[in-house]
Each structure stands twice: as C-alpha cells, then as structure tokens.
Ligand SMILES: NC(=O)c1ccc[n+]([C@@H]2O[C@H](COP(=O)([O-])OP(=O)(O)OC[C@H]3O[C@@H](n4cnc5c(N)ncnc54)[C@H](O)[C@@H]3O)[C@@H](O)[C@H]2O)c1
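Below you'll find only one chain, the form predicted on its own, shown as structure tokens.
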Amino acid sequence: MSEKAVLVTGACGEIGQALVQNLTMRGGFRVVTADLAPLPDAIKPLVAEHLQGDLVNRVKQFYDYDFDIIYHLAASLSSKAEIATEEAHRINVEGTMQLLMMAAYRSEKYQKPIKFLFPSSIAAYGFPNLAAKIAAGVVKEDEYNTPNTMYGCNKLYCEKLGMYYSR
C-alpha cells in the first residue's frame, strides 16, 4: 500500500492536532501541514513537512504537491471575524477558494480525484428571532441558510464554492 499525501491546514488548532495524530496512528499517510503558527512539539515528529505562514500567500506552493486528501481546517473564527470582517473574508473565503481551485486543477490535469474535506459550522444557519428558532424544530440542510455573522456568511459561501468546484 502506498502512502496517501495529505494536507492539513489549521494543523496547530485542537482539531488539526487531533487529526494529525489520528492519521499517523492509522498509518499510510504522508502528512503535510500548514498554519500561521509553528508546529507544536507534540505533533512535530508526526509531520513530513510544515509550511508556516499566511495560507492565502502559501497556496501556490501546494501546486508542487500531489495531495490525495485535503483537510481544510484553517479559518478566522467567529469572534475574531466579527471584529476584522475583511480579514476574515480574505482568510476564510479567499483561502478556501484558492485551495479548491488548486484541487480542481490538479484533479483535472492528472485525472485523479482529490478529496477535499471542509468543516462548516452551525453559524451557517440563522433565524430572524428566537420565536422562529423555537418554532423551526429540526432544521434541514437547505433551510434557514441566512447566517447572522461574518463567520457564518463565510462558511455558507465556502460550502457553495465546494459544491461548485466539485463539478
């Protein structure tokens, strides 16, 4: 069995670190990570390579890799995104779009599918008020896609970009 090349963005966060540890325990993966922060000592030995810096400015480097799977966890999270809305859009939307374009390009060029996993957020949903939320009950995937925060708007838009680029 040959190793699968995996990119984990946002690898220094709690979920990113757990993912790197899990992939390593399962075996069969060559893990490349990316994050603004330096790689924590706990996962350094598990990673083949770490690219530190602004993801939006680093994406061009990823064209040199032959990734089978991309786990895109990097994001400007909710509270920070409300303070710095333009920066959140740059990080969350532009970073995601550039990674999706790279994955689509490589997939088409080499006739090989690339798995792209992107966690969205409950913030992608929104209700006009508490009464509407209570009345809604169980919400389906395509209902109440009216986020109330910049982070939620970014996540919903990136979901739609993922659907677009998957075609």
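Being a predicted model, the structure only gives us computed values, none of them experimental. Residue numbers here begin at 1 and follow the sequence given.
Another form, the form predicted together with this ligand, is not on view; read the next lines as being about it.
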Review point. How about residue 13: is it within 4.5 Å of this ligand in the predicted complex, going by heavy atoms?
Key: yes
Check your understanding: Wondering, does residue 54 line up within 4.5 Å of this ligand in the predicted complex on heavy atoms?
Key -> yes
Review point. Heavy atoms within 4.5 Å of this ligand in the predicted complex: does residue 28 have any?
Key: no
Review point. Quick one: does residue 73 come within 4.5 Å of this ligand in the predicted complex, counting heavy atoms only?
Key: yes
**Study point:** Triplet 4, 68 and 98 all within 4.5 Å of this ligand in the predicted complex via a heavy atom
**Key:** no
**Study point:** Contact assignment for this ligand in the predicted complex, among 113, 45, 128, 119, heavy atom within 4.5 Å
**Key:** 119
**Study point:** Members of 76 to 108 lying within 4.5 angstroms of this ligand, judged by heavy atom, in the predicted complex
**Key:** 77, 91
